[in-house]
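Okay, so we've got a single protein chain in two different forms coming up as structure tokens, structure 1 first and structure 2 after it.
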Structure 1
Amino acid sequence: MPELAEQAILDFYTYPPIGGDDWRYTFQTAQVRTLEIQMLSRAALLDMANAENFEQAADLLSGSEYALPRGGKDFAEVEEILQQRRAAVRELFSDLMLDEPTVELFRTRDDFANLRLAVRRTMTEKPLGTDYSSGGNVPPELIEQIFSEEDVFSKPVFPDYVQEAVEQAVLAYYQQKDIRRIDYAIDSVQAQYNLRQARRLRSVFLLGFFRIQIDLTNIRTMLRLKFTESEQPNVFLEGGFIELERFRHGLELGYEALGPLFFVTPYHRIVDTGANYLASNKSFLRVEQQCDEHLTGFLKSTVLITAGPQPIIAFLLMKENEIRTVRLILTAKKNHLDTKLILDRIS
């Protein structure tokens, strides 16, 4: 399929192609268009960030689906509501998506998150806890059995991506006894799995989305390695739009030279803004904000689709981002963080 060929970096200016219409999704697309109107506006989030305290920020949610019970101002209640909203949007996503493999693909996000937790705790000889996510394809209780000492033949059969992630993570850890290598290894397995599934699903949109994700992860990794003065040039993820040599070269340059290095890429503003803020404030707030903004911009480009799975996927991801932003603001207000720091992160 010609349009699934991986695009060179100069084949698009800001965002890669999102694919065409799929008229099977006419009703579903119309439904999420209605739900998009009900999402919190940028102005509402900024008002929350500028509120004097947690109570005032929470009150601003009173007319939304995140409203606290009457008289409730406890953060535990906030967390419960946010978890309910996330569970609801994921259930809606499952109901609206006609292609079950796509639903299974997004559920693997929780599987990989659970694996990170399980492998980290096992390698550091800390007891396995119960705070796993239950939204994956593999039940959390089975994740624990991966590391049990029972007869291998009595263990459940796990999906290939689970087996591969565990093997790569354990191997990476024992090579240098560095706990960070676990995350790098699982990130790599997850990234390659996502790309394979996007190609198998013949989804131009998902392929572009996952390649952007890889690039943004590599940008964060480059800046973190520079900031910590770590020499680990082989931890960048393969499969993005940007060649890995550019990131490796960035490790050798000063912060002021990173923007020009990425000038011919769609990520110039992210790198330039993030690097300058990191150099002056010793903080990653701005690069995280810029990465979120870029990815959200790509998701919003699905407005060009009249009917298709792209708007359904975009709504799920934008709604999850909204929930994370509400949690971030309320957590910051509860802990009395400076308003400027909150604004630097979200705007």
Structure 2
Amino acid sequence: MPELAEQAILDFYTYPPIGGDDWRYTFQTAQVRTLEIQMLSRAALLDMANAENFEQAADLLSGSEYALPRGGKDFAEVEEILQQRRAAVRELFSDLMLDEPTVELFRTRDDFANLRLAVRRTMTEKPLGTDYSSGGNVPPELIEQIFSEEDVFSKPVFPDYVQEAVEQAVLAYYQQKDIRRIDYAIDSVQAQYNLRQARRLRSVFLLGFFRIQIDLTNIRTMLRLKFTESEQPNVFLEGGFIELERFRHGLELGYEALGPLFFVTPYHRIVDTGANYLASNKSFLRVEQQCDEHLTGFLKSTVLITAGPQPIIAFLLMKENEIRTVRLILTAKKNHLDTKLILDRIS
């Protein structure tokens, strides 16, 4: 098998290539395509954002799968429904994906979230608890045993990324005694693991996706470091399309100079719009919206695939994004936030 071609930043204009068809996925792709049609349209989301109050926004959802029970005034109920939808989408994803490793790869997101929580609790000598997400590959009951040292032989075997993440996180914490180091370490392990897995699965699409994700995270990190004026060395994630030097350089520039700095990258618009909005409104809404938009655009380019795992992965991610958007709008409406804020975030 040929080595997976690594794309450089100059090899594409906006979105990296997504790979070819895989005809095992004909049925699955068709099903997902049909489900995509039933997703909330942009117009529907905008209508919700422009609704006058929470009830009106909730009424607009009544025809969709997010329909709230009548008189469901309690917001916890809304959260519950959204969580259920998310669980259902993940379930569908694992049913449709023929490649088990891809399903596992996306389940690791919950593992890493659990590990962040568990390592922090261990390091600050708090009780570990059992309130972990059950969406990962490691069941919540076993998390406690990751840290138990005694009897290595009866210890259940954990995936290597769990071991690596825990080791790196603990090491990073003891170097500086700083809790944030745990997160940085796990973030970095997670990013590298994703890339490694994508290469092993020989998926051009996944590799492109994770590299874009790393780039976008780095862009946000850069803007956040600038905004909070904090000095944190080595928080940028490696492996993206953009070299880290550019981000470090960006830290030293003013907001208005960031756009030109990223002019040669596909993220020019994100950085430019985001930095301007940040400078004028002191808010990350715009940059986050732009990042989401870029990622969605990349996912939408899978429409070119007639059969393959790409549309299914894209569906999972877009659906998760949709659930987040619905939650955002409903939260904002419930708490009477400015409509303009919502619009800034979603469109």
Partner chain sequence: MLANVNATRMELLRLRKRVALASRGHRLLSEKRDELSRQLIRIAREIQPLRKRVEAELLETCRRFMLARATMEPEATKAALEVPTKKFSLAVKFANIMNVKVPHLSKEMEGEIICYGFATTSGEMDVALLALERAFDNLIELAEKEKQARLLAVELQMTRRRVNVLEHVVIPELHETIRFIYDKLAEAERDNISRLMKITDIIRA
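When a residue number appears, read it as a position in the sequence of structure 1, where counting begins at 1. All values derive from a computational prediction rather than experimental measurement. Throughout, rigid core stands for the largest set of C-alpha atoms superposing within 1.5 Å between the two forms.
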Where is the form predicted in complex with its partner chain shown, in structure 1 or in structure 2? 2
For a quick test of reading the superposition: does R107 move by 2 Å or more at the CA between the two structures, rigid core aligned? no
At a 2 Å cut-off on C-alpha positions, does R120 qualify as shifted between the two structures after fitting the rigid core? yes
